[in-house]
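Before any questions on how it binds or moves, here is one chain, the form predicted on its own, in structure tokens.
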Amino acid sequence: MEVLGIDIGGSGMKGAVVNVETGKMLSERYRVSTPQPANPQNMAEALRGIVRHFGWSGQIGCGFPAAILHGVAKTAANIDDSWIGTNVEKLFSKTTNCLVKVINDVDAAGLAEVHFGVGKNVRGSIIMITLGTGIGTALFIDGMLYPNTELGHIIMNGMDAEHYTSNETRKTQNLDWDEWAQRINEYLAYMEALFWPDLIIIGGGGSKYHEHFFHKLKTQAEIKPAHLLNEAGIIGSAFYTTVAH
């Protein structure tokens, strides 16, 4: 079964056709810049352009940078606040004349890793953590997603954890690998104290540099870098159409 997967972020919107049985991308990835202002009208038009690029008329899965509840955006991360309260599924379905299913973007990446990446066939609990502009999280129990976790916003040292530990913080504060690894370890210890996961998957932009800091991480759970990297959001968004209600 083929589905068009689209991964939407604050800076870019990218898509590809995906075989949802194998998790393989069947086309080259196509990317456009997220329009500014990143409001519903502008982004819906950009999405229409991606769909037209592929000549697509089938089902679409879309990862979106917000907490999504029954198709409605409840937050807005690096996009316009006017998205809050918008039924993203209805808007995108109307704009594209296709059936569109929408999921939080980190949840989408987590689905890809759990079903086709390093989390495949792992029993028990898995936390996917993306270290990027902020911190994104996805939580799974025996392969089942608990959606819209916002564990990057727990308070550490008097601030949101993502302001203390994200890859963006590493860059803006010019942290060396030892300093950043220590902050990641503090965050991971917090996650383990709360959830006792069997596996922790580290993704996001920071995972590209895992050879610099992974050997410094200390967890009781097994810890692995994400495997699918930039393709995870597209693949997971497409796969979501097979499990969405």
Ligand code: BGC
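Each residue number is its position in the shown sequence, starting from 1. Owing to the predicted nature of the structure, the values given are computational and were not obtained by experimental measurement.
One more form of this protein should be noted, the form predicted together with this ligand, which is absent from this view; the next part is about it.
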{"property": "Listed range touching this ligand, judged in the predicted bound form by heavy atoms within 4.5 Å, from 80 to 88, 129 to 137, 110 to 118, 169 to 177", "result": "129 to 137"}
{"property": "Non-hydrogen atom contact His153 with this ligand in the predicted bound form at 4.5 angstroms", "result": "yes"}
{"property": "Exercise: Ala181 in contact with this ligand in the predicted bound form, heavy atom 4.5 Å", "result": "no"}
{"property": "Proximity of Pro65 to this ligand in the predicted bound form, heavy atoms at 4.5 Å", "result": "yes"}
{"property": "Asn104 within 4.5 Å of this ligand in the predicted bound form, heavy atoms", "result": "yes"}
